[in-house]
Ligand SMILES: C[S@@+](CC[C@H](N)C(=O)[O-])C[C@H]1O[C@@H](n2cnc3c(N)ncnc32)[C@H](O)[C@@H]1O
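Shown next as structure tokens: one chain only, the form predicted alone.
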Amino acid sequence: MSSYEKTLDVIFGRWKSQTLYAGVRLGIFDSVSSDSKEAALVAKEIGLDDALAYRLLRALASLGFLKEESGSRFSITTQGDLMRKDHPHTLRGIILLEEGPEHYQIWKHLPKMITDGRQNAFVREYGHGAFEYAERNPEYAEVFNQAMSSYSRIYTQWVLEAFDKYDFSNIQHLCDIGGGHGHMLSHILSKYPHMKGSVLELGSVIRNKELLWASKMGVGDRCQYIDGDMFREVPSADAHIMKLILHDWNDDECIKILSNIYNGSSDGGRVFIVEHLVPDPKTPHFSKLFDMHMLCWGSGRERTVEEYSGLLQKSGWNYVQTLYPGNGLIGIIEGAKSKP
């Protein structure tokens, strides 16, 4: 692909993601199956205009999510399956969140924020930060939670791979801070049966017991859910882990969280920070684009290993090492309460 074509592909990138968003939002992928179906029948089933529905289906087929056959018939592809509600690894929540109205609107503030030197477009657009906005808008909160569940499935695989050769023998209790429904922690406990765990999370997140993973994974007897606030107090444990938590917050807020963890840890305690780590200047990486989203979404940012090491040091920790899965998309920074 030429530089000209690559540039055009970036320019028109939002056309692709918005087309996919429309398909998911309207229920296209839960109507079309592996057996081909006429566009008019799809439109009738989910209450769409026949002619315009066909044009959307055709565009989705052009993107590889559907397959168009003669007679205006469509079937779903493996790629399209990932957009279905019932797929075990569905990405539906992610597209509904990232291309939904709230996140679409905040990006328009990017040039002005960079000019002003003040980030957090959620406050500019809605008058509240993202978490407070979610408390006031149940529909956004529901989509956000769906997206976090989809993200959890992806990141859990990467975390387990990065930890594959790590020695957990001296860790008896692992606390997942902001661990949602406990997807990652439950999988870690399943792999390391000598450990027990706890999830620190807001009560509104863990209130629905049916969504919690510990019982579903058969580790409910070794995992407890704690209603709490990481900015106030963190439960004691041999080690604490945070997945995509610190990138939500500015440096002072991160130091407050890490200091609370330090205070809840015994000598020799460990902290694991799971994030998209910004590599050297010459390496293209998802973290550098994700950083633009964090600039829009809140007060946080993506950071380098050196920057996280500095935050650890300022909150009392000693940097130990960084672990990576094979794809290098995330890293796990390990900190120790005393020198290793």
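As the structure is a prediction and not an experimental result, all values here were calculated from the model. Position 1 is the first residue in the sequence shown; the rest follow in order.
Not on display, but discussed next: the form predicted in complex with the named molecule.
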Taking any heavy atom pair closer than or equal to 4.5 Å as contact, tell me whether residue 229 reaches the named molecule in the model of the complex. yes
Contact between residue 200 and the named molecule in the model of the complex at 4.5 Å, heavy atoms? yes
So in the model of the complex, does residue 248 come within 4.5 Å of the named molecule, heavy atom to heavy atom? yes
Taking heavy atoms and a 4.5 Å cut-off, does residue 80 contact the named molecule in the model of the complex? no
Which residue, 264, 180, 269, 93, is the contact with the named molecule in the model of the complex, using a 4.5 Å heavy atom cutoff? 180
Exactly one residue in 163, 225, 144, 133 has a non-hydrogen atom within 4.5 Å of the named molecule in the model of the complex; which is it? 144
Only one of 171-179, 80-88, 116-124, 211-219 gets a heavy atom within 4.5 Å of the named molecule in the model of the complex; which is it? 171-179
